[in-house]
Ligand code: CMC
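Shown next as structure tokens: one chain only, the form predicted on its own.
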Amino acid sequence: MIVGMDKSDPGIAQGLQGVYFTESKISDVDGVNGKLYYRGYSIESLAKNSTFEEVCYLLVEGKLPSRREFLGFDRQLRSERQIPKPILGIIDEMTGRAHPMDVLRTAISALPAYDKDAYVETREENLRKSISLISKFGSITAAIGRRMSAKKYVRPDQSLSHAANFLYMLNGKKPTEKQAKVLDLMLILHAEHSSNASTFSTLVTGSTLADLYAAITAGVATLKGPLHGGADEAALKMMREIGEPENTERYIEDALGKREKIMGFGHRVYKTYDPRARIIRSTLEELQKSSSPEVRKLTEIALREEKMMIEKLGKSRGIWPNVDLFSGPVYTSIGIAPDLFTPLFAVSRIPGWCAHMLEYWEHDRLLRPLESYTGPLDIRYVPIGKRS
């Protein structure tokens, strides 16, 4: 019997929790032990030794590159940064009228019109499109940020790294080495995370054999939600509502008493401390010494939240800090506005989406789950004139 076909006992897994739908060699999330691996490499080793560009190669190609392979890949990434003029027009027209994620989604969905091989579905072409998307996500998001600030578009600089170019296009000046390194780290930490909601929706769309642009557009749409990509912005908003560090404990007590969700804590998979949060926490503590008074205040609030929540819910209920808790203060320290946090998440996650889609297409099967119908049957139809 096919799994799930017994209607008398459908065995529903709410939110598909605990359901395996495919195999993958891309990443492993060990929620029990708090470990994350990209292609077998621990996130700690990649955060310490690698770059975002190298991690992109690792994810989409399946291995770390040789020097020659890396130089070729990096050169191709840099060459794809320019945005078609009509896409810039979309950004200009929509920004200020729509959520930044809606602007990003629309801009990405329009890219096939400017790619003559958009619908050529070979692995080679999909790899080329993946590299182009990784590159353009950064440029488009930076352009959205510029337009949000009512500033003119800054053309990409091919002499800069991916992270440095993003900050240059966003702020109109070249970042310091430290700023670029911090953003590069954040991009690495958010690049991939197994079958999360946006990756799953990417695969659902791609499994129909829709093109890569369509699949990635679905991923962007899914990432918009505050339970997924918008959580770091929500966590920062909560810190600003707390206002002063000494208000933290009372605020958390009140929120827990009202059974409100404390953003930055808990995860569907991790039942211990999120390994990415540990790395970001360490980075934030280093930044705190040279940051603005606002960032120092946000850091203290986040650390007090962390201490209190671990004592109250960590060991007893498995609700630990996740990647969103410390991300907002780090982004704030390098001058990125909260409205841009979720689009920046997409800039980070695009290599993971592409890697999963390339892998899934190797043995594609239409994703078509079942639902258990619980409504009435065989209701007698009454013509509209006789309905009360």
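Remember, predicted model here, so these are calculated numbers, not experimental data. Quick note: we count residues from 1 along the sequence shown, nothing fancier.
The next section is about a form of this same protein that is not shown, the form predicted in complex with carboxymethyl coenzyme *A (CMC).
Asker: For A47, is any heavy atom within 4.5 Å of carboxymethyl coenzyme *A (CMC) in the predicted bound form, or not?
Answerer: Output for A47 is no: heavy atoms all beyond 4.5 Å of carboxymethyl coenzyme *A (CMC).
Asker: Just checking whether F265 would be counted as a contact of carboxymethyl coenzyme *A (CMC) in the predicted bound form - the rule being heavy atoms within 4.5 angstroms.
Answerer: Yes, F265 is a contact residue.
Asker: Within 4.5 Å, heavy atoms only: does I319 come near carboxymethyl coenzyme *A (CMC) in the predicted bound form?
Answerer: Yes, I319 sits close enough to carboxymethyl coenzyme *A (CMC) in the predicted bound form that at least one of its heavy atoms falls within 4.5 Å.
Asker: Can any non-hydrogen atom of P275 be found within 4.5 angstroms of carboxymethyl coenzyme *A (CMC) in the predicted bound form?
Answerer: The answer is no: P275 has no heavy atom within 4.5 Å of carboxymethyl coenzyme *A (CMC).
Asker: Out of R128, R296, R146, H228, which one falls within 4.5 Å of carboxymethyl coenzyme *A (CMC) in the predicted bound form, going by heavy atoms?
Answerer: When carboxymethyl coenzyme *A (CMC) is considered in the predicted bound form, the option within 4.5 Å is H228.
Asker: Quick one: of K224, K312, K271, R304, which gets a non-hydrogen atom within 4.5 angstroms of carboxymethyl coenzyme *A (CMC) in the predicted bound form?
Answerer: Of the listed residues, the single hit is K271.
Asker: Considering carboxymethyl coenzyme *A (CMC) in the predicted bound form, find the one stretch among 178-186, 229-237, 158-166, 114-122 with heavy atoms no farther than 4.5 Å from it.
Answerer: Contact criterion met by 229-237 only.
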